[in-house]
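Encoded as structure tokens, the following chain is the form predicted alone, with no partner shown.
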């Protein structure tokens, strides 16, 4: 008798239960629920961390299971943020323009309204017209579709060109990094239509919810982030648990042999690459309204390298390990860069952790690589699972 998916993967149920318990505890203790034990800013930090865990799951699926070291997946994360950010800025600016002209003798024409919105958004970069890339910014449903479609389409086209040419290994990693760099450099230009280096700001102000305090909105986004992480973790676990998962692991271990067995290696890789790009886009769309701003620096190649480091530290090839690595590095990074960690005076030099955090992260990555090749997840398994036997 064939066992159920959960029976074959009990760790999935444990993860979902832990995620639900975490979300409930944060909600009870949050400022928005009245307890005030956890501040609104820290609730936002936790919500953003859940989004980073989600993109880490996507990275582990494409790298840890399929063997594609993509150094461009954070670009898809940033694109998701830009897509939702465009609607947030447009709708919020529309409210401001209409409110400012509420006392006028005649109502604004659609063209006057469009011109007023464009002047408000693009005045900072010397523009006065809405660029073509904002054609659907007025429509929330269309922008939500673009959160999935744009990263998915870019990944599909890029992956089809790369995989059909049988580009693999370090060469593929360089190509994904080049794609990310090209996108970042384009976004830095003022004529990109996305405000250049200024990016999209004020994203924490949700249109139509001006009366809802940030303490409450932060909880709503925390719940949405937790729901997305739980749902896509379940999807990723289902994908890697059956025959499909066995094939992509075989591609990771010996691509040539899988091709000789008659499997469409390119088709499997393209599916995983495209699916994980769409998951990354959703994670970004949930992250940046909590961050309040998205700019081209978020899409720079270094961000995707950090993502690979998180997965490596957590333990690639284990979905919950990717979550553990992303959560650990994100929270520790927030602590060290917050200015709350006391400086270390050495007499001849004072160590300021805001400046030295990345060095510490680098040492941590090297240490994990040398002494714990399976990452933090491997250490947890060694301590708890083997210790219980």
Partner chain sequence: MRILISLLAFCAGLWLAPAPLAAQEGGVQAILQQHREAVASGSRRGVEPAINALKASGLDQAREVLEVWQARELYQRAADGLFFFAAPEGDGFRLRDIDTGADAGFAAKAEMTQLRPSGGVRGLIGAALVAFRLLDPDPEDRRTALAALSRSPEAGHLEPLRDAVAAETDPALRRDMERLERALTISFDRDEAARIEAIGFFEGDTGLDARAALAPLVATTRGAAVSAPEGANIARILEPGDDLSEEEAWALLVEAGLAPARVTKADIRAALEANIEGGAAGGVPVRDLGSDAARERAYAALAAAGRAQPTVTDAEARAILDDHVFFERYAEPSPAITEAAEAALASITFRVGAMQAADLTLDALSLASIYFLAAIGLAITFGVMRVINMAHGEFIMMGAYTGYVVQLFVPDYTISILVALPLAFAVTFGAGVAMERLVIRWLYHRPLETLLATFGISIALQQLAKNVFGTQARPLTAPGWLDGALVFNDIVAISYIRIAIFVMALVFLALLVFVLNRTRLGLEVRAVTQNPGMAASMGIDPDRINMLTFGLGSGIAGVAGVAIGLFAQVTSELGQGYIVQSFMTVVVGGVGNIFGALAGATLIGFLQKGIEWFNPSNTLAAQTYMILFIILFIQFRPKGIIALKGRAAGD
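Between two forms, the rigid core is the largest collection of C-alphas that superpose within 1.5 Å. Numbering follows the first chain given and starts at 1. Since we're looking at a predicted model, the values are computed, not measured.
Omitted from view is the form predicted together with the partner chain, to which the following refers.
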| property | result |
| --- | --- |
| Non-hydrogen atom within 4.5 angstroms of the partner chain in the predicted complex for each of 20, 22 and 290 | no |
| is_contact(residue 105, the partner chain) in the predicted complex, heavy atom dist at most 4.5 Å | yes |
| 4.5 Å heavy atom contact, residue 110 and the partner chain in the predicted complex | yes |
| Contact label in the predicted complex: residue 219 to the partner chain, heavy atom within 4.5 Å | no |
| In the predicted complex, residue 234 touching the partner chain (heavy atom, 4.5 Å) | no |
| Options 45-53, 320-328, 31-39, 63-71; stretch whose heavy atom lies within 4.5 Å of the partner chain in the predicted complex | 63-71 |
| Of 209, 182, 144, 153, the one that lies within 4.5 Å of the partner chain in the predicted complex (heavy atoms) | 182 |
| Selected contact from 223, 188, 134, 122, since only one has a non-hydrogen atom within 4.5 angstroms of the partner chain in the predicted complex | 188 |
| Any residue of 169-188 that, in the predicted complex, places a heavy atom within 4.5 Å of the partner chain | 169, 170, 171, 173, 174, 175, 177, 178, 179, 181, 182, 185, 186, 188 |
| CA of residue 39, rigid core aligned, shift of 2 Å or more between the shown form and the other one | no |
| CA of residue 351, rigid core aligned, shift of 2 Å or more between the shown form and the other one | yes |
